[in-house]
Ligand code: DHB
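Single chain ahead, written as C-alpha cells, the form predicted alone.
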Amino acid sequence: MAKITASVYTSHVPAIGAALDLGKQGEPYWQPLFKGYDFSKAWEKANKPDVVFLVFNDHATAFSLDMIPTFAIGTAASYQPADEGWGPRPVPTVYGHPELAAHIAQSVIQDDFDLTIVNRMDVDHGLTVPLSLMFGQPEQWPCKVIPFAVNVVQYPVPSGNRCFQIGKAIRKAIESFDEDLNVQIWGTGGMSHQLQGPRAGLINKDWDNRFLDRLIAEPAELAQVPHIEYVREAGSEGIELVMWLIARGAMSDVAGTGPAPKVAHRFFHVPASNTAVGHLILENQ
C-alpha cells in the first residue's frame, strides 16, 4: 500500500525562485537562506519519494477572483510552469500521478469534503519554488507531484481546523491506495508577511517560531487558532500557514497509528524579500 513517510513545510517566496533562476545563491543576501536547505536537498536524495502531494495556493494564475475553489486537486498527467507576468520559470515540467490523484479525490469526496477536480492547469511559484528548494535545479523533477491548491487569497478562506481535518482524510486516502508508493506531503506558504497597507513588511519572528513549536508538539490545538490571530500576528498573507495544517493532519500520530514524528530538520530565516522563511521536515516513525 502507499505510505506517507514524511511531511515537509516551507515558505514559497517568489523572490527565492528569481534568485535561483538568476544564479544569485552565492550572494551575501541570499547565501544564508539557501544554506538552510542544504540538509533538505541531501535528505531528499536519501529519502527520495515516489510522489509528493504538494499543498500550495495559486496566485491568480490557474484561477482568478472570478472563480476560485476552496480546495482543488490536480488530476492531470503533467503541469507546465506558469507565466506570472515575466515568463515561466526555467524549471522542468511537473509530472503528476493521475491514478493516485483520482483515488484521493474519490476517497476524500466520499468522506464529505468537497474538492474541485482540475484536469488542466499551469503551476506558479507556490508550487515550483518548494520543488526547487528541496530538489535543486535538476533537468527533471525526481518524483511525481500531485498539486493541491487551497484558497487563501480571497475571503472566506478555510479554517485551520478544516485544513487539519482534510489532512486526515488525505492520509486515509493515500494509505488505502493499492500500490507500494513512498509519498511525502508538503505544506507551503508563509511565514509571517504582509504585502500592502500600513503594516506592509510586517514580520513576527516570535509568533512564527511559536507556530513551528506548536505544529510539532500540539497540532490539534494549533488547528483551533482563529483567522484573526493569523492576520493580527502574522500579517494579511500569514494566513497561508493554514496550509501547513493539511500536511500535519496527514501524519501518523494524528491518526493514532504511530508515535510523534521525528524532527529531521528545522530552519527559520529573515529576511527573504519581505517575508520570514520557515522550514521543517517531520518523519513518520
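A residue's number is simply how far along the shown sequence it sits, counting from 1. None of the values given here were measured: they were computed from a predicted structure.
There is another form of the same protein, the form predicted in complex with this ligand; it is not shown, and what comes next is about it.
Heavy atom within 4.5 Å of this ligand in the model of the complex: which of 103, 125, 162, 144? The residue in contact is 125.
Would residue 10 sit within 4.5 Å of this ligand in the model of the complex, counting heavy atoms only? No, residue 10 is distant from the partner.
Check whether residue 274 has any heavy atom within 4.5 Å of a heavy atom of this ligand in the model of the complex, and answer yes or no. Yes.
With a 4.5 Å heavy atom cut-off, would you call residue 193 a contact of this ligand in the model of the complex? Contact with this ligand, yes.
For residue 41, is any heavy atom within 4.5 Å of this ligand in the model of the complex, or not? Heavy-atom contact with this ligand at 4.5 Å: absent for residue 41.
Hey, of 75-83, 95-103, 178-186, 193-201, which bit sits against this ligand in the model of the complex at 4.5 Å between non-hydrogen atoms? This holds for exactly one stretch, 193-201.
So which residues in 222-241, when you check this ligand in the model of the complex, have a heavy atom no farther than 4.5 Å from it? Residue within 4.5 Å: 240 only.
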